[in-house]
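Quick heads-up: it's one chain on its own, the form predicted on its own, in structure tokens.
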């Protein structure tokens, strides 16, 4: 892959996935127009300006998800747009307005800007597995989740799963708008994203790993996991590959928190287990998520064990963990 001579926009460029996406795009020779809410905030820009190629080919634009038209300048003249900007509020007590409005309205604002630019040949939407698997169906060990699954907005609303609702409604609206306006769109649906951090702030999806290392009591919930570097790579493959279409679920493995701790203690033997930890619970069989479409895109997953180790070492390096 080569991005020489190509101009792309990355929305919400200071975020966890977006930062890795910018890094990989710059490595490939792309010129990147990066949107952030405040280009004067060093926490949003310094780590990106330090990337190889940033001085020559990275340009910042101020844009807000809830401000219609604010993405016009950023997407103008682009070959492609990666829409990653969306609030990720997984574990805090948030309201529907905190998550759903920015996710839904922000996605439509970006797509409206894209619809004005004939040079854009494809838009890559960062959706989520949250828009796939929350439909009330029991996730038993014999179940295989794939891209034909869609989360049910009514189920999410009744269950007060606001992040899942926001992602589901945003992706639904994006497909409808893209079809009506003949925008070539591909959706990437990653699991809980872990791996090394480029940005200086702690992101929500890495927090469970930090909690397990620090001995914070957390419930033994089951999640899907994937490495941030694979997620960024999948975005670029989905843009570059002319045959890419539809949705791509990105899940290296399904595991509960005790299963994750079991892997971590294999790497760091001195870790103290959560109070209610049991080997049986750590090894419980889970449902699976199909890897077929991701593999067809060219993704060979970084093993979860590697992702976890790199996450912890990155948290130490950034002083989130006392080494």
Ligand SMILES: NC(=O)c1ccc[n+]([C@@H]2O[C@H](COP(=O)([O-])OP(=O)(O)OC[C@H]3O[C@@H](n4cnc5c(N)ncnc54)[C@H](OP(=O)(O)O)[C@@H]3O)[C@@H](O)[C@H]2O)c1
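Positions refer to the first chain, counted from 1. All figures in this text were calculated on a predicted structure; none of them were measured in a lab.
What comes next is about the form predicted together with the ligand, which is not displayed.
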{"item": "Candidate stretches 203 to 211, 115 to 123, 140 to 148, 237 to 245 - the one whose heavy atoms come within 4.5 Å of the ligand in the predicted complex", "value": "203 to 211"}
{"item": "Complete contact of 12, 15 and 127 with the ligand in the predicted complex (any heavy atom, 4.5 Å)", "value": "yes"}
{"item": "Residue (of 58, 260, 254, 65) lying close to the ligand in the predicted complex, criterion heavy atoms within 4.5 Å", "value": "65"}
{"item": "Residue among 232, 165, 249, 85 with a heavy atom within 4.5 Å of the ligand in the predicted complex", "value": "85"}
{"item": "The ligand contact at residue 190 in the predicted complex, heavy atom, 4.5 Å", "value": "yes"}
{"item": "The ligand contact at residue 44 in the predicted complex, heavy atom, 4.5 Å", "value": "yes"}
{"item": "is_contact(residue 288, the ligand) in the predicted complex, heavy atom dist at most 4.5 Å", "value": "no"}
{"item": "Contact label in the predicted complex: residue 37 to the ligand, heavy atom within 4.5 Å", "value": "yes"}
